[in-house]
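Coming up is one lone chain in structure tokens, specifically the form predicted alone.
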Amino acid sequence: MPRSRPPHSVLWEVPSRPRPTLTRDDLVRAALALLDEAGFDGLTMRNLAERLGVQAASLYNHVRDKREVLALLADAIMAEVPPPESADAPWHDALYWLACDYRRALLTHRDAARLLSETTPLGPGPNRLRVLDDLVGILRGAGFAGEAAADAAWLCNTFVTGFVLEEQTQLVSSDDAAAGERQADVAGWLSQLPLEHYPNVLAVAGPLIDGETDRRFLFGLNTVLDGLELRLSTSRG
């Protein structure tokens, strides 16, 4: 007796492909892309799960909570800060370039400074610890020791992170046209101020308004470095 044919749907059924296994590296890459796209406030576990095509609960097979995701992201960003090029460079120069590279890495990713300010540099993560170790190593090589080296490292880290935090806050929802309009509004407002009440503000109104961030960053960085150099020479004297 001939066998009956199976239903048409069975003949054309395509076997489903197994879903690729999610790894922690996949999670971090997706989280970094989500941060760049949606910013810090858009970096939620739900949005991250949707981006990866998984249920939110499955993320907890790889991380304990959102705080660990933030720590892993901070470490991934700090991996973009290169190590000092030469151990023989003068400490002032080495610290200058480390700070510039640090700022550049933060500016590469949306809200990166806010992310780092929400996490601790002493948490898990080899890249962030490596940058901190490089920073402290430069300061110790210059002659700072113990508490002074720790406080100088804190100062340098806080200056760069805080500067970029302010810098990135100003960039949120802004474009060249909007920035130009704001500058024009501020200039118009300043022009109406009575000179007898605000002579010092009006004397530097132009540089106050233009806010060129590279100029201000380098001014602040060199002021920090000059202050550290002065403190070092004073302690030796």
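Just so we're clear, the structure is a prediction, and the values are computed from it rather than from any experiment. From 1 onward, residues are counted along the sequence shown.
Beyond the structure shown, there is the form predicted in complex with a further copy of the same chain, which is absent from this document and is the topic of what follows.
Engineer: What is the one choice in Gly143, Pro83, Pro90, Gly146 with a heavy atom within 4.5 Å of a further copy of the same chain in the predicted bound form?
Structural biologist: Of the candidates Gly143, Pro83, Pro90, Gly146, Gly146 is the one lying within 4.5 Å of a further copy of the same chain in the predicted bound form.
Engineer: Tell me whether Ser117, Ala152 and Gln170, taken together, all sit within 4.5 Å of a further copy of the same chain in the predicted bound form, counting heavy atoms only.
Structural biologist: Yes, the whole candidate spot contacts a further copy of the same chain.
Engineer: Could you confirm whether Ala33 comes within 4.5 Å of a further copy of the same chain in the predicted bound form, counting heavy atoms only?
Structural biologist: No, Ala33 sits far enough from a further copy of the same chain in the predicted bound form that none of its heavy atoms falls within 4.5 Å.
Engineer: Are any of the heavy atoms in Ala76 no more than 4.5 Å from a heavy atom of a further copy of the same chain in the predicted bound form?
Structural biologist: Output for Ala76 is no: heavy atoms all beyond 4.5 Å of a further copy of the same chain.
Engineer: With the partner left out of view, is Ala57 within 4.5 angstroms of a further copy of the same chain in the predicted bound form by any non-hydrogen atom?
Structural biologist: No, Ala57 stays farther than 4.5 Å from a further copy of the same chain in the predicted bound form.
Engineer: Answer for Leu107 alone: is it within 4.5 Å of a further copy of the same chain in the predicted bound form, judged on heavy atom distances?
Structural biologist: Because no heavy atom of Leu107 falls inside 4.5 Å of a further copy of the same chain in the predicted bound form, the answer is no.
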